[in-house]
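The form predicted on its own is given below as one chain in structure tokens.
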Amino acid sequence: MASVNAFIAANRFGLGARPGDLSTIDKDPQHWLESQIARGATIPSRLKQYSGTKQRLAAITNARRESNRQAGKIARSIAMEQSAGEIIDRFTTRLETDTPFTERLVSFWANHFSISRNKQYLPALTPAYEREAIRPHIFGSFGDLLVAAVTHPAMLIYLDNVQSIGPNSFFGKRRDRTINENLAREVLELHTLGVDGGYTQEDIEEFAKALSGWAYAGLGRVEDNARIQRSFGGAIATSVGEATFYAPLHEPGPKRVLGRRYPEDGAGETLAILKDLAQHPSTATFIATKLARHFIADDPPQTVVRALARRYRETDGHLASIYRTLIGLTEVWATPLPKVKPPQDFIVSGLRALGIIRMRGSWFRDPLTQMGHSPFNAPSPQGWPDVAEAWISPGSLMRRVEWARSIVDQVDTMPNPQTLLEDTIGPVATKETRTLVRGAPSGAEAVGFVLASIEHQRR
């Protein structure tokens, strides 16, 4: 039987064991994780076929020249033809991947910089946002990841920065428009310092002024004003759909955020503020706490938080270094089942346990909707909760059991229940679970018992 540490590596940091995984991981669980960090970030081959945000926004924007109705039609078409397929291939990647720790980190950071499909055009953009803004940066510096996420067109749309116009800007004076504070507030509260990180309402207002002007190329209100744009010295994107900075929308003048004065510098103001936020001690503690909560416990040990925050500060937020510190902590390997798998990970780990390498939409669409964890549909910019109480209730447990029972009837090959148990939860399986599986009235029910077991639902 494989060791408990092999189970912890495969589940706490991975996506659950496939047949034969535990014996491979058991040779050196920590090295198994380290080797995935060393590989760095890549775009999985299945996801390379899909168009980018620029192409999608360009098609929508060009359609809007005809009418808003036509733009909406194109956006829905893209969502069905591109985003829906990419979501399935995103799940398939998680089934077949040999670097599940990498996929967990992609999910973690996509949830940290959460956007949702619940706003105009975003159903067409959300998977591309994860592929472009999150995935390439998960092993680099937090500062680079922060800039990539905050200035991505999908984030600018989601948190209404495309509607933010400085009241004293060229267009603000003529159209009686004002600043939208949503992006500034969420960057400070959810992405960097945390709600107790020491910022004030005045910091939000000043940061929002610095962010004004960030949008995407092709917005109808400015696309015919290139001459004015050039006169302000603002960058002009070469292609419709790209993130860009529109100087005629930007609130002029210096800004003061967290006690530091930032002179007027157009787009440079945002980049300078984001750099300072990434290096702030409160950000180090906030990110350390979220990582510890995600990978160790709902109420993480403060010794772990301090160790990760210290490593963050020592490396200026170099994420790969922080992960290495994380997997080297004794607390990581102390308790095998402290966390509940959220529904997406529960379903993925179940399919991996069965050796399935190709996802079907019917296996996750309706079940995840019923479990309250529909892809790219978090209820707020805070993202999905990362504590057990959000996912475990009598009703949600019943839906998990129902899924485990139903999926057994849909697989082509039924595994041996005892082999499945040893290959997945063997190192932590209780006597009660083993007895239940052995006494099941059929092989199918025994397999369902393994997938529905507490040991399989936790990590």
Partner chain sequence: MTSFNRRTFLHLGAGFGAATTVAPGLVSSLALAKLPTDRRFIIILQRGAQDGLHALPPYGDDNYRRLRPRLAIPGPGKEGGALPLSGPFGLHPALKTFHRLFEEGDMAAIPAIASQYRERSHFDGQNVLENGSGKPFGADDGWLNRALSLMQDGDDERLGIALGHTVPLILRGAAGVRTWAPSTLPSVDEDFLGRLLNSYGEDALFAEALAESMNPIVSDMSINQREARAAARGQAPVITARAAAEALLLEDGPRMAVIEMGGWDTHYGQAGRLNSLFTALDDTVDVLSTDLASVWDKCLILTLSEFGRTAAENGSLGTDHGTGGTSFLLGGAVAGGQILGEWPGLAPNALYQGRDVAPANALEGVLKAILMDHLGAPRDGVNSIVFPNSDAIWPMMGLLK
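Everything numeric in this text was worked out from a predicted model, so none of it was measured. Numbering follows the first chain given and starts at 1.
Same protein, other form: the form predicted together with its partner chain, not shown, and the subject of what follows.
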query	finding
Any non-hydrogen atom of A388 within 4.5 angstroms of its partner chain in the predicted bound form	yes
Contact test in the predicted bound form: D28 vs its partner chain, heavy atoms, 4.5 Å	no
In the predicted bound form, D412 touching its partner chain (heavy atom, 4.5 Å)	no
Contact label in the predicted bound form: I454 to its partner chain, heavy atom within 4.5 Å	yes
All of D144, D265 and I357 with a heavy atom within 4.5 Å of its partner chain in the predicted bound form	no
Its partner chain: the contacting residue among S35, T42, N62, N68 in the predicted bound form [heavy atom, 4.5 Å]	N68
Listed residue (F101, Y158, W214, Y312) with a non-hydrogen atom within 4.5 angstroms of its partner chain in the predicted bound form	Y158
One stretch from 247-255, 359-367, 313-321, 134-142 that, in the predicted bound form, holds residues within 4.5 Å of its partner chain by heavy atom	359-367
